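First, one chain by itself in structure tokens, the form predicted on its own.
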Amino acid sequence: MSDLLKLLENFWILKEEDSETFYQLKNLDKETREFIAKNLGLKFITTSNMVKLEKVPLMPKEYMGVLDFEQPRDYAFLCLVLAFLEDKGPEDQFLLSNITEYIRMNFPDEEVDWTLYSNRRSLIRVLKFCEKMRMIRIDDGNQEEFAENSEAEVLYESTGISRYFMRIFPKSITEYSSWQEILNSEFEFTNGISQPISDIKRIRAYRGLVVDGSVNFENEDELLYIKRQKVNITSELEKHLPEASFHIFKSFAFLAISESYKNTYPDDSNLCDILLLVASELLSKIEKGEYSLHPTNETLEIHVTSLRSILEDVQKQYKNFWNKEWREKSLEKVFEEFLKFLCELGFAKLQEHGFVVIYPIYLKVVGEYQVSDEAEESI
């Protein structure tokens, strides 16, 4: 796997977890560093125990968030826990009550009530995430007990890397009023050296391909740049990201990764199987003339009841290939999860009046089950 793909696949690489990869990436070659700075406009951060590529997308999408989180309050608690950890060095110990008191004192506009189960559960999700990311360790106690008892105590230890979790913004984050402003602020400075970026379009186009994985007609300027610079982009990607195959179509462009890679579509889950099967059914209906694509951007607008009907046919025909959990789910539950995942991946968008807009990239990868002579199924 190339060095760039390792940096893209991992939020960060810690020396204590994988020292070989840590040292390999800490000594990243000059050409790859220049590609990251010039074409992606991203920061490559190294410390004595961590390397990290700050991955800023062209367009934020739901799947880019913390998937373990359930509500905006989780993110607010995470920000406050990070602020609390800011002054803590490696091996500094602290108690759960220190965190709850800090959040109670600093949560904006209201005082957090820790007698509420929902608040305690929210903080547990955040602390588990911090532990998973190796920003804290538990020295003594069980944080799950906090869910049932607001007086439960846990002894934690800081690892000292939490200060590298958040990106450094050109100004206080409280001065931004939208995520668009935050993204645009990326181009006020470049790579931490306070130099104006000369070719924002190039960086946005490369970020769309390399960080987001695709660029569609909604980013018209970037897509046009990709089409015009196809030869150069292909050459750069072959050099720095050889696992990627580069595809351009009328209304979108995307990268497909040949290596085993975290969090890619499709994986071997039943939910991905369902998306592939529905895509196959939709494509078949388009080819038969039952549905038509938008002449300009190749999207498909379909009513949610029609989409559910297609999924119902897929469920009836193929549910025996699914595991017990998915076989026993009702049509409504399967459709709910299917539609949620479809939108999270950026393959579709819910419209008003019960319509769904399907983006053309979704229809580029389809699947079907095949039964061998030995009645073994594969997709």
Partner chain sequence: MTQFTIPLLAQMKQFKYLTEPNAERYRAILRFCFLNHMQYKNRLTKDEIYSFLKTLPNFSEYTEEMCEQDLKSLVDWGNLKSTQDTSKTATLQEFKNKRFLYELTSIGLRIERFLFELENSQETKAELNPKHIEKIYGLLISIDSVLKDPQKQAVDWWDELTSAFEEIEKSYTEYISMLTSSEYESLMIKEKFLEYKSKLVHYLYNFHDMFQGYLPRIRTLFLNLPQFKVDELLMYIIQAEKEHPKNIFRDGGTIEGYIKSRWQNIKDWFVSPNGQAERLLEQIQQIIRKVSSYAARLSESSTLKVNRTEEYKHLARLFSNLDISECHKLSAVVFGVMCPKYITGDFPRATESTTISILDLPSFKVPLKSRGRLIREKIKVVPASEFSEEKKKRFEEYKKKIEEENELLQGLLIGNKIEFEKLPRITPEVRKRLFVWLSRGLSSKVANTDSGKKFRVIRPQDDKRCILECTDGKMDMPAYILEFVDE
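Numbering follows the first chain given and starts at 1. This is a predicted model, so every value here is computed, not measured.
Just so it is clear, the following notes concern the form predicted together with its partner chain, a form of the same protein that is not shown.
**Q** Is there any non-hydrogen atom of L350 lying within 4.5 Å of its partner chain in the predicted bound form?
**A** Because no heavy atom of L350 falls inside 4.5 Å of its partner chain in the predicted bound form, the answer is no.
**Q** Look up in the predicted bound form whether W179 has a non-hydrogen atom within 4.5 angstroms of its partner chain, and give yes or no.
**A** Contact check for W179: yes, within 4.5 Å of its partner chain in the predicted bound form.
**Q** With the cut-off set at 4.5 Å between non-hydrogen atoms, does W114 touch its partner chain in the predicted bound form?
**A** Output for W114 is no: heavy atoms all beyond 4.5 Å of its partner chain.
**Q** Could you confirm whether F217 comes within 4.5 Å of its partner chain in the predicted bound form, counting heavy atoms only?
**A** Contact check for F217: no, nothing within 4.5 Å of its partner chain in the predicted bound form.
**Q** Just one of I302, I138, A76, I200 has a heavy atom within 4.5 angstroms of its partner chain in the predicted bound form, so which one?
**A** For this set of options, the contacting one is A76.
**Q** So its partner chain isn't shown here. In the predicted bound form, which residue out of N149, N263, S118, N232 has a non-hydrogen atom within 4.5 Å of it?
**A** When its partner chain is considered in the predicted bound form, the option within 4.5 Å is N263.
**Q** Quick one: which of 93-101, 278-286, 141-149, 302-310 gets within 4.5 Å of its partner chain in the predicted bound form, going by heavy atoms?
**A** The contacting stretch here is 278-286.
**Q** Considering only 331-366, what residues come within 4.5 Å of its partner chain in the predicted bound form, judged by heavy atoms?
**A** Heavy-atom contacts within 4.5 Å come from L345, F347, P360, I361, L363, K364, V365, V366.
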